[in-house]
Ligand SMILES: Nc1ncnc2c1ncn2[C@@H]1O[C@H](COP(=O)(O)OP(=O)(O)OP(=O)(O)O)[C@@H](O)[C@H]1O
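Before any questions on binding or motion, here is one chain by itself as structure tokens, the form predicted on its own.
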Amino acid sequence: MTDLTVWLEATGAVSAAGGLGYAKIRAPRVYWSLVGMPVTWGRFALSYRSTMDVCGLTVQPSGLRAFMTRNVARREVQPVPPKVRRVRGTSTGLRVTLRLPAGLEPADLIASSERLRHAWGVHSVTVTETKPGYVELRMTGYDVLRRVRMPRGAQPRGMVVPVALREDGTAFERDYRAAPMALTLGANQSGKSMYQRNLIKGLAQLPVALVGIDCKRGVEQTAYASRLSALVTSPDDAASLLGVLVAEMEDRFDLLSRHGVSDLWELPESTRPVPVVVLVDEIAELFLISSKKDEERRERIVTALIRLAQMARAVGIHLEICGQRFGSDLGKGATMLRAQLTGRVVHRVNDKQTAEMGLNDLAPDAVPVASLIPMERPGTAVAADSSGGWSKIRTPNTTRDEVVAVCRAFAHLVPDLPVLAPFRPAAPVVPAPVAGPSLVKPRPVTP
């Protein structure tokens, strides 16, 4: 009986260890909740003060505190680390709220985030300022970008579209009111088209007008025609469409002037025009010319794009521009247009200069990260904005058929804009199933 008990206990221990090993690889959220989080929480609690001290994240106490410690408590005066206000666990990591003492700023913790990551044995540490004097350490226990799973609450709303997953486990959202114009760069097979798919999938569910400019003969955007208010597939048509959008922008400014407001969202809902999102698939096709006679068309396109990027935010017209490169080598007006694009997303690129085009003027620290994105991680990118902050993101794998199905399901949301009617694409015809031969073998009925 004793031998049987020992054998059962040993078998149970081996099975449990094997189950944890399997969960660590196939179900990292389960493994983190059962093993990783308690171990990391304990390591953090035991080594917090010493870790902050060796990382140079402590300051000398105030004179009053030093006096009370030395003369009342009869203890040696020690440097003061940031005070821990709150620690909470999540399915992907830990969130620690810190109160910064006088003499420390969030940049000090950001500079030491890599050392904190190694000290506490987590996958990454991201520092976010929540309010003056407070920061949040977002520790991620495992590589959440290896298998992307969007948070359940990440749903399109207002003018906000969740597009990807950040390295800290939160959703990266494309907020058109905060960053009305954006630029997405990436080499072939980097996941740039996947990013645009997720963007269109979210935008299709919102009451907005979608305008597509796809000069690759429409191979990327034609499938979404059921939800598009306009679609052009050649530079000549793009020039005409952009001219119409500039005229629409001017009419909307007249509307704002008549109501005495300066922003589309200040108008009464009954008179507020529908927002417009312009999706440019490959910006280089609008800039490059093959002969002298195309220069006039190029000037019209570039001028219209720059005018829209500079002023259209107030009237609810937004630009979403994609390309492989976007620098001065495209010609006159390229850098001026790029400077107006607030949001930046850079996927894997073929050279460092392309990463600098998208990130160097906003977040120089992110350029090396974008330059080292591996080829076997399509969809991984670096997202930055004018605040100077940046984050590593990855888009979920969304098939073309999924996006097409969403566009058809929300085709009724296509707004009635007469100015875009000449450019409205024909909705693709869904072929009816062809009746094939019956697979049921008939049997004679005998009386």
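What you see is a predicted model, and the numbers here were worked out from it, not measured in a lab. Numbering starts at 1 and follows the sequence shown.
This next part talks about the form predicted in complex with the ligand, which is not shown.
| Interface segment, criterion being heavy atoms within 4.5 Å of the ligand in the predicted complex, picked from 204-212, 113-121, 329-337, 181-189 | So the stretch in question is 181-189.
| Of the options 193, 371, 91, 222, which one has a non-hydrogen atom that comes within 4.5 Å of the ligand in the predicted complex? | When the ligand is considered in the predicted complex, the option within 4.5 Å is 193.
| Heavy atom within 4.5 Å of the ligand in the predicted complex - the one residue of 389, 396, 61, 415 that qualifies | Here the answer is residue option 396.
| Should residue 28 be counted as a contact of the ligand in the predicted complex, where contact means heavy atoms within 4.5 Å? | Looking in the predicted complex, residue contacts with the ligand do not include residue 28, since no heavy atom lies within 4.5 Å.
| message | Considering non-hydrogen atoms and a 4.5 Å limit, does the ligand approach residue 379 in the predicted complex? | response | Judged by the heavy-atom cut-off of 4.5 Å, residue 379 is in contact with the ligand in the predicted complex.
| query | Should residue 259 be counted as a contact of the ligand in the predicted complex, where contact means heavy atoms within 4.5 Å? | reply | No.
| task | Mark residue 324 yes when one of its heavy atoms lies within 4.5 Å of a heavy atom of the ligand in the predicted complex, and no otherwise. | result | Looking in the predicted complex, residue contacts with the ligand include residue 324, since a heavy atom lies within 4.5 Å.
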